[in-house]
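Just one chain follows, in the form predicted on its own, and it is written as structure tokens.
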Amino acid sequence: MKAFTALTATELRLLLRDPASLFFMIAFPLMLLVLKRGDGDAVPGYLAMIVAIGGMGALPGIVASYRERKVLKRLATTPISPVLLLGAQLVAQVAAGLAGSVLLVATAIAAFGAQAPGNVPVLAAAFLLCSVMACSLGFVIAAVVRNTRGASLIGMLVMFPMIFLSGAAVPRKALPDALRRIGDFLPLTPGVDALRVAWSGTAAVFPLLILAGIIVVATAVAATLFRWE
């Protein structure tokens, strides 16, 4: 447990020292909130965007770099399992996303007078599932694309269209019908739906179940395809 805690703290420090991660997970959502003049209805989508940026945009390149630099292979010969490092990266991404999300929500409420979330426990559950789901997809990308540059590129190519078509960056009702239909099948869409419903004060079980199902499937795929070197 001590080794895992130390690894997680190290991963989190490294993540927070990355200017790109800090900008896109903290500054960028705040900029969008200001441009939207503190629109509280946009906040749940921005929460989904934050976790997608971390899980699909940043995580694949980080994990691929560990494999490319033989970090995972070397760990396999020590008492510390490489699985612990991957788990620490998952926890670090969730924690970083949580920090950016708390700052975003606090700013929306304190600076712009946005309405506070109506169902905090369900919102927390939706956020956790959405974050783990995004990271599980990031692990799939890292498992399929073996080099750092390729994994980072594919992660960005998957993440950016998804945050727009799922309704995270812009409301889906503003999209043409054809793009909305594409968004119906994207894994981030139930995350946006679950966060929005919880923010409004109600609870929807179906989006949460979909997120849980995606986590199970993506984790199984990543575990099957992932190689330590």
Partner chain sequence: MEAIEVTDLRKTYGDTRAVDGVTFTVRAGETFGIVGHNGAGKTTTVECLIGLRRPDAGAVRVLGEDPARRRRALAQRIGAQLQESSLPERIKVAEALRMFGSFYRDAADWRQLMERWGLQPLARKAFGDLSGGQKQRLMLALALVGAPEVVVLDELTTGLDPIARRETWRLVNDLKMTGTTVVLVSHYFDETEALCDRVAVLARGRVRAMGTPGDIVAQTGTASLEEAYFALEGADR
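These numbers were taken from a predicted model, which means no experiment stands behind them. Positions refer to the first chain, counted from 1.
What follows is about the form predicted together with its partner chain, which we do not show.
- A single residue from the set 109, 145, 71, 91 has any heavy atom within 4.5 angstroms of its partner chain in the model of the complex; that residue is 71.
- Checked against its partner chain in the model of the complex, the residues 122, 105, 132, 75 give one hit for a heavy atom within 4.5 Å, which is 75.
- The shortest heavy atom separation between residue 217 and its partner chain in the model of the complex exceeds 4.5 Å.
- Put simply, residue 222 is far from its partner chain in the model of the complex: not one heavy atom of it is within 4.5 Å.
- Contact check for residue 81: a non-hydrogen atom falls within 4.5 Å of its partner chain in the model of the complex.
- Although the partner is absent here, residue 212 lies well away from its partner chain in the model of the complex, with no heavy atom inside 4.5 Å.
- Across the options 63-71, 191-199, 173-181, 34-42, residues that bring heavy atoms within 4.5 Å of its partner chain in the model of the complex belong to 63-71.
- Applying a 4.5 Å heavy atom cutoff to its partner chain in the model of the complex picks out 7, 10, 13, 14, 17, 18, 19 from 7-43, in order along the sequence.
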